[in-house]
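One chain is shown next in structure tokens, namely the form predicted on its own.
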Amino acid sequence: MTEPQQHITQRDEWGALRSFTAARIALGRTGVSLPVGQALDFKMAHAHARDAVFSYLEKERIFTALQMFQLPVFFIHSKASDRQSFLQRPDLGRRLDEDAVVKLKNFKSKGYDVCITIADGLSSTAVNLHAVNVLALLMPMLEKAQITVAPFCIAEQGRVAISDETGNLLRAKLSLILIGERPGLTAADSMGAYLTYCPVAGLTDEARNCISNIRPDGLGYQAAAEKMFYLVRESLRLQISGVRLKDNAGLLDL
């Protein structure tokens, strides 16, 4: 008589590698399907990703936290009036609405080295959790290097390119944006940072440098702040950004 099968889930022989990554690898199988536990984990991760996309930017809390830097703060909005139009019309998220344009023009900027924008992007959760923590490390570096910073801009329904317009209107040499990245199934809280030298509306991605996956389980706050500072300083020194600006930090001089 055949003994009843106690375990129907077949482990993947590469399962030991899962201890080195949060990626969904070596999940095992039950017959030709995923084990029930893994299928449920996938659905939970997908739910977290959707929650991140529709999360709200905690702009008042971020505004209060930014007071430590003693700089003016502007609340601005893209041309995307709500989340639905932001998701369906990416072009609207790249440009400022009329009120924001008037607000920044009326400031009559005297000119700065860097303009920093904080935008929700595709994960307000990421920005809510990480933006201020990174700035707390970055701002002292900029101050020590005598790099002047324009008023902060907190942007709702904003995509990466919106920082080009804010930087231009505030007459900054360089624009830096901290923004929520598109959530994945293992990370719904990744924040990205993009910088553009000589920002102006209409630039494309090759004009920008990107630092990605900023979060405690990815690129940590200290490492991210140091990388931003390096790229900001080099961009201002060489007067370039994007594909022409290389990250040579840590390389030996030969």
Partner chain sequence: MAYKYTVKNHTYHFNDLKTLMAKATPLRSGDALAGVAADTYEERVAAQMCLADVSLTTFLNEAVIPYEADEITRLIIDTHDRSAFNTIASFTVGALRDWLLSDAADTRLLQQLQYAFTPEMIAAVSKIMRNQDLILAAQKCEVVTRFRNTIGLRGRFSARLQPNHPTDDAKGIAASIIDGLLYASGDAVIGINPATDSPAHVHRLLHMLDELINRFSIPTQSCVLCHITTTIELIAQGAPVDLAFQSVGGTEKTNSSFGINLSLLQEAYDATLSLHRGVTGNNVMYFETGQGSSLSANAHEGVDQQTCEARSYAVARHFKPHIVNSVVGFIGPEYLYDGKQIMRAALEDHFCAKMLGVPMGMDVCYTNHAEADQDDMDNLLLLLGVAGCNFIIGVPGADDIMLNYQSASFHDALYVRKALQLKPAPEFERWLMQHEIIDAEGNPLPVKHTHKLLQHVF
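Quantities reported herein were computed from a predicted structural model and do not represent experimental measurements. Residue numbers count along the first chain shown, from 1. Just so we're on the same page, rigid core means the largest C-alpha set that superposes within 1.5 Å between forms.
The protein also exists as the form predicted together with its partner chain; that form is not presented, and the subsequent description refers to it.
Residue contact check for residue 28: one or more of its heavy atoms lie within 4.5 Å of its partner chain in the predicted complex. Contact check for residue 182: a heavy atom falls within 4.5 Å of its partner chain in the predicted complex.
Taking the partner from elsewhere, residue 33 is found to have a heavy atom lying within 4.5 Å of its partner chain in the predicted complex. Among residues of the shown chain, residue 207 is not one whose heavy atoms approach its partner chain to within 4.5 Å in the predicted complex.
Segments offered: 63-71, 220-228, 48-56, 195-203. Contacting its partner chain in the predicted complex at heavy atom distances within 4.5 Å is 48-56. Of all the residues from 84-102, those having a non-hydrogen atom no more than 4.5 Å from its partner chain in the predicted complex are 84, 87, 88, 89, 90, 91. Residue 29 shows a C-alpha shift of 2 Å or greater between the shown form and the other one [criterion: core-superposed Cα displacement of 2 Å].
In this overlay on the rigid core, residue 233 has a C-alpha that sits less than 2 Å away from its partner position between the shown form and the other one. The Cα position of residue 68 differs by less than 2 Å between the shown form and the other one after fitting on the rigid core.
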